[in-house]
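One chain comes next, on its own, written as structure tokens: the form predicted on its own.
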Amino acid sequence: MKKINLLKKVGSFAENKDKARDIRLHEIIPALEKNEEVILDFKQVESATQSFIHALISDLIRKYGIEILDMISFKNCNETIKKIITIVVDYMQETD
């Protein structure tokens, strides 16, 4: 199991798409390829942009299919972040 503390990496406002891309490429994908569950911990992250969440997970859905979300847990998300994740996931399902 790979736990990623996003506060330490992006601060309380997750907006940097390049950091999201780096987390995806260097932490999430290697863990998934080892068949490890990934926990994205949003504890104390107050908000995130849609482009950040998109950069974090959309390529995973595109590459592995929507089923990859069974391997990824979103923890300690506030309502705003939950809504943004849902928007991105719904969008990716529509574009499939």
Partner chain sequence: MRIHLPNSAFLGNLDPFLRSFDSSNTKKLEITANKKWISVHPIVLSMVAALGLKIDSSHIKCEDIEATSKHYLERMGLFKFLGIASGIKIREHEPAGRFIPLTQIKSSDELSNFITEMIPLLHLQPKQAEPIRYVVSELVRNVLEHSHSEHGAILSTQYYKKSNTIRIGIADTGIGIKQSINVSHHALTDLEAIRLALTPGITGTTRKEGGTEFNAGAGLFFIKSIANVNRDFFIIYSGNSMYKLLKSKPGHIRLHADPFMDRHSNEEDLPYWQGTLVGIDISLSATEEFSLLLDLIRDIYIKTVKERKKARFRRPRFI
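Positions refer to the first chain, counted from 1. Since this is a predicted model, take the numbers as computed values, not measurements.
Heads up, the form predicted in complex with the partner chain isn't pictured, but that's what we're talking about next.
Undergrad: Even though the partner chain is not shown here, does it sit in the model of the complex so that K3, E36 and N76 each have a heavy atom within 4.5 Å?
TA: The answer is no: none of the three residues contacts the partner (heavy atom, 4.5 Å cut-off).
Undergrad: Would D59 count as a contact of the partner chain in the model of the complex, using a 4.5 angstroms cut-off between non-hydrogen atoms?
TA: Output for D59 is yes: heavy atoms within 4.5 Å of the partner chain.
Undergrad: I'd like to know if A55 sits close to the partner chain in the model of the complex, meaning any non-hydrogen atom pair within 4.5 angstroms.
TA: Contact check for A55: yes, within 4.5 Å of the partner chain in the model of the complex.
Undergrad: Using 4.5 Å between non-hydrogen atoms, is I84 touching the partner chain in the model of the complex?
TA: I84 belongs to the contact set for the partner chain.
Undergrad: Answer for A48 alone: is it within 4.5 Å of the partner chain in the model of the complex, judged on heavy atom distances?
TA: Looking in the model of the complex, residue contacts with the partner chain include A48, since a heavy atom lies within 4.5 Å.
Undergrad: Determine the residues of 17 to 41 with a heavy atom within 4.5 Å of the partner chain in the model of the complex and present them in sequence order; the list may be empty.
TA: Heavy-atom contacts to the partner chain in the model of the complex: K17, D18, K19, R21, R24.
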